[in-house]
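Here you get one chain, nothing else, as structure tokens; it is the form predicted on its own.
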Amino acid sequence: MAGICFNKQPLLRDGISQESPKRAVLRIVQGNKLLVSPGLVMAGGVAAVAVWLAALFFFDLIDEADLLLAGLSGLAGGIGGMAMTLWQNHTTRHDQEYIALQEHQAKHDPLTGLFNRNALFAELEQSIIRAKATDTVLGVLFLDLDRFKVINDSMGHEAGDDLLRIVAERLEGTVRGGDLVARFGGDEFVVVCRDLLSEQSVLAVAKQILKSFAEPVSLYGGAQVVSTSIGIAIARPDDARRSDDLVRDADAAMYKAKRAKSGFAVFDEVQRLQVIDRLDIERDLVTALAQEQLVVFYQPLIDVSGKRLYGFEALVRWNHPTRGLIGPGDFLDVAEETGMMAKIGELVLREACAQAAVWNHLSPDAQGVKMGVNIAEQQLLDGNFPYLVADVLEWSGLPPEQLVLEITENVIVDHLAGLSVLRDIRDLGVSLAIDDFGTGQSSLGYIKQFDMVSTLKVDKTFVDDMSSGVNRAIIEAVVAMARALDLQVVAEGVESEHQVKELLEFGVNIMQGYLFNKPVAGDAIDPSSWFSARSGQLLAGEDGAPGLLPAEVNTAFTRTLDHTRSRPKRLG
């Protein structure tokens, strides 16, 4: 079938192989030589019997008994030799078939029958060499299914496997005869378009693939529409990239297509620089963990109605030796992809709990202040994570009721199996919050399952534009639902007094944002003044500088104005 396997014979532009008559005859003889050898042995036995019969006419030349014995021996030898040859050929053919099966399994994905990752890189390397020799264009398409996790989790793994097989068949039926199709892993596929005359031909293949995905897939009697995002890397004859470079670049373009929801995107020079920078971040991040370059900053949450500090959210920063202070958006994605997120999450958890415990010791008013720490996807999937939380609480001496672990809505929906981990954490006495609520896929249907959740944090995107009727309706619905479920609501990204006024009208009292304070280092927070209740409104000072209190009492928080301090002191 197209795209499953390729021989090493030269191909025409349309993918049809060329083979000379001489090579064809040799191939047929070599493929059937196991059938020829038993015939030769049989012929030898027949010849021996013929010689014996001929000698009967001249029995007077030799003794009749010797002649009979010689003839029978020749006949028995011929038959035995033929039998042994047949058995040897049978075992040899069996061994060859077994070896061929092993070679096929080593190169092909057992679920779809497509090339696997290792075979892909080997074939792609050969394709690059051939493209240079024939002065043709090579296209690498990296595909990722958009809704595979939803189908796999909701309908089961068998349905997910059926979907992958259907996708593989559609890809094989869509691409050209000379193209290569491989399963890269999970719900990711790679198509290699070979022997092309122009770059437009690559785009034509991508458009044809997207068109084939428009037809619904039948799974267990129901129709499912499955879309895909395609990243394209195009190699011209003078291109110096190797197979892993092209796949990596196509993968990067796929993420661009997924974010833009454009169907497909082509890797360009801007992305090349981004990939190089991403590799630098990945390399430096390993060093950052070893040399303790990651620091924790704290952004306050304010109970505006109660005129007091409600809590903090712990946010990681990277004190990079050459780039300066780097925000989480510049490196956490890399940490998640490279498996370093769990280590970073543990570092933030330990730092935040230790810092909160220190404040409890320094100020009695700090003992009711919450400390929020974000949970990464890798931590939710780790069954030992609740034991880590219990260990950190015991090590730091922080009461469990002061710790709030925050997790995004999408992570929960994508990994419902992780709810047992959250319940184990709740049983420790730790509170749980859903971060960026309203931006995920769960809507309100899943909230009934989250009996362990105590807080919903409304995403900044809704707070930014509350003049929008849709955003106002969402906030009102969130507040009404939270009241019905006895949940606390926190508004993120508050930056103006007008937003404060409207949120109070909605019934949201706890707020977080630059209007009150930017994230600051732990040693920039003065426990003697930050944790006591205030008589005035808790808005920014008249000079516009971020702070917790108005101008008349802002002097107590002068240390909060320095938001770019160097690395804070390590804790415990």
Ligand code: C2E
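Each residue number is its position in the shown sequence, starting from 1. All figures in this text were calculated on a predicted structure; none of them were measured in a lab.
Below, we turn to the form predicted in complex with this ligand, even though it does not appear here.
Kindly confirm or deny that R317, D436 and P519 each have some heavy atom within 4.5 angstroms of this ligand in the predicted bound form. Every residue of the candidate spot has a heavy atom within 4.5 Å of this ligand in the predicted bound form.
So in the predicted bound form, does D195 come within 4.5 Å of this ligand, heavy atom to heavy atom? So D195 does not count as contacting this ligand.
Is D424 close enough to touch this ligand in the predicted bound form, meaning at least one heavy atom pair within 4.5 Å? The answer is no: D424 has no heavy atom within 4.5 Å of this ligand.
Proximity of Y514 to this ligand in the predicted bound form, heavy atoms at 4.5 Å: So Y514 counts as contacting this ligand.
Close approach of E406 to this ligand in the predicted bound form, 4.5 Å, heavy atom: Contact check for E406: yes, within 4.5 Å of this ligand in the predicted bound form.
So which stretch, 133-141, 281-289, 485-493, 183-191, is the one near this ligand in the predicted bound form (non-hydrogen atoms, 4.5 Å)? Every other range fails; the passing one is 485-493.
Heavy atom within 4.5 Å of this ligand in the predicted bound form - residue from R308, R147, R117, K460: The residue in contact is K460.
Using a 4.5 Å cut on heavy atoms, which of I375, L246, A253, L171 is close to this ligand in the predicted bound form? In short, I375.
Within 317-353, the residues that have a heavy atom no more than 4.5 Å from this ligand in the predicted bound form: Going through 317-353 in order - heavy atoms within 4.5 Å of this ligand in the predicted bound form - the hits are R317, P328, L332, M341, V348.
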